[in-house]
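The form predicted on its own is given below as one chain in structure tokens.
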């Protein structure tokens, strides 16, 4: 029985195993290591996966699906012929094929798989990934963050050299940035940030749109097949610019030739927004880890998009540090996942290696503040080392309270509804006066991402609940409806634009900060709202000045 690691990527997937000879890639039935993450149907309605399916993206766009990892954990459905599939169902088809090919190569049953996921995948996305394995009939207890896997690959190659590293994992559909510290064979994750909706796909779309505009084409007037042809050539142009100074793009539509010549300077111009979004998580992990770029031993680039010289040059310009590119960006994550299979299997060569992980998002409950408003009470903060267990006491909000109800959320917003709702728990209590202790909430989060919540009342009675694998998610439409409703409510309550701006900026700060700074902004926001609601004109003016200065000082 074997354990294998799988890099389940947006564009390509790859399986690996740790052997006595090191990490071995498990090639598919076609003899290739990289498997395009594409699923489709052939003309007889049979499932096809990988290269064959990718080849039919242009000719049969209605029977082929790619890049579905970006919507993992959502209710979005993809049409394949007359049927519709979710991202996790399509991923399960891909996983089943990968495992079947691996079984043929290894010659034994696959006992377990370790699947890589973006570090910034939330609970909903991680649960969906495990569900995909379950649908494929595969055991998957452990997910490994992609930057952590890349760091394992880098450190394994460099014989576990001590130092602090930034790993930038920029793939086809997601961007992850992590700060990782290696000391005495212990690899510790310090901070993570990312964007699950940013990747090489965005460069493809920028080139696609630029091509259409330059040639006077209206994308909406094109057939799905014609759109697929232009998109495929846009992707080829992006890849060509990774090794060439200039790339020529030519497409024939309705027997008429359209062309475009591009260089990397032009790419930077048309994809300016993409580059600007890369900066955000880089700055965030540096702020969260309280480090400067000069404190880093190296910046390690992985993921297909990091092969673009413009990306490497941009990151060097932002950080002042020349990134390291001495590991293969296409296979680094799979190598790391393979190394981790050796760690999990207690391979003799890796027996001293320890890898810790962190909680990528904060966990907490909705609780009433001093203004009687429901706000997020953070219990486990993001970047807390796993496993961890943290408790917080709560107090009655009214006299003779006999029950307390907690809604559990994951996220950084002070507004609970803007976070991911994980579940709800209740516990009874003897009649309690307002402001007296009523219950303790303890959250325990383990290395596999299993969250256990315990509620204990004044009489030491406890109720517990495992929150993992609870299928709770909203569609994009539902999320937009809720946001729209909340925005309207906040706007109708107060039309003072300065007040709303200060509240919004403070809420953003609460999302971006942790610990003492976060608590300071929470207290400042509560005080500000109270004065805006109950104060006189002078008090309101002073409150605005105070909060504005506090925000300015912190941002400076």
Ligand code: ADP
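Positions refer to the first chain, counted from 1. Everything numeric here is computed off the predicted structure, so don't read it as measured data.
Below: the form predicted together with ligand ADP, not depicted.
Chemist: Spot the stretch among 340-348, 83-91, 408-416, 196-204 with residues whose non-hydrogen atoms come within 4.5 Å of ligand ADP in the predicted bound form.
Modeler: That would be 196-204.
Chemist: Within 4.5 Å of ligand ADP in the predicted bound form - does that hold for a heavy atom of every one of 5, 119 and 336?
Modeler: Answer is no for this spot.
Chemist: Report yes if any heavy atom of residue 235 sits within 4.5 Å of a heavy atom of ligand ADP in the predicted bound form; otherwise report no.
Modeler: Judged by the heavy-atom cut-off of 4.5 Å, residue 235 is in contact with ligand ADP in the predicted bound form.
Chemist: Spell out, yes or no, whether the shortest heavy atom distance between residue 172 and ligand ADP in the predicted bound form is within 4.5 Å.
Modeler: Yes, residue 172 is a contact residue.
Chemist: Even though ligand ADP is not shown here, does residue 277 get within 4.5 Å of it in the predicted bound form, heavy atoms only?
Modeler: Because no heavy atom of residue 277 falls inside 4.5 Å of ligand ADP in the predicted bound form, the answer is no.
Chemist: Would you check, heavy atoms only and a 4.5 Å threshold, whether residue 12 touches ligand ADP in the predicted bound form?
Modeler: Output for residue 12 is yes: heavy atoms within 4.5 Å of ligand ADP.
Chemist: Identify, from the list 239, 106, 321, 229, the residue with a heavy atom within 4.5 Å of ligand ADP in the predicted bound form.
Modeler: The option sitting close enough to the partner is 239.
Chemist: Using a 4.5 Å cut on heavy atoms, which of 422, 212, 262, 308 is close to ligand ADP in the predicted bound form?
Modeler: Checked against the cut-off, the match is 308.
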